[in-house]
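We begin with a single chain expressed as structure tokens, specifically the form predicted on its own.
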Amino acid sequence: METRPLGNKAQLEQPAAPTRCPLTAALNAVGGKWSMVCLYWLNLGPRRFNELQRLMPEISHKVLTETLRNLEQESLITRVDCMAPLPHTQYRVSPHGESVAPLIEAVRQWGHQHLAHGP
């Protein structure tokens, strides 16, 4: 298996300006609408692009691509090209990305409480 970056680096948006604020840094990394959802599914195991799109039917192809690129740029996921038996690409959580799992679980639990609370 070969790990390589998503797409052409020149096509990637410029990263956010460096910050010394921990909250800003965290929100830059995982604050997008779909970032934590992607990380949630990838924490359960490696996934192909189309599999992620089936798990999140509301996300567009373009937005999923941008989300995956951002997560890779933040070193939270890796893109892996698998060559055998049929060539395909998988996305998986990086070792650094594993550190986000407790945050995702805390937000998920709060979401359960928020839904139970009602409007």
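Because the structure is predicted, anything quoted here is derived from the model rather than measured. Numbers for residues come from their place in the sequence shown, where the first is 1.
Just so it is clear, the following notes concern the form predicted together with the DNA, a form of the same protein that is not shown.
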query: Option touching the DNA, based on a heavy atom within 4.5 Å in the model of the complex, out of Ala26, Val37, Leu55, Ile59; finding: Ile59
query: The DNA contact at Ser75 in the model of the complex, heavy atom, 4.5 Å; finding: no
query: Exercise: Pro46 in contact with the DNA in the model of the complex, heavy atom 4.5 Å; finding: no
query: Residue contact check: His88 to the DNA in the model of the complex, 4.5 Å heavy atom; finding: yes
query: Contact flag, Ser94 vs the DNA in the model of the complex, heavy atom cut 4.5 Å; finding: no
query: Contact set, 22-47 vs the DNA in the model of the complex - heavy atom within 4.5 angstroms; finding: Gly32, Lys33, Trp34
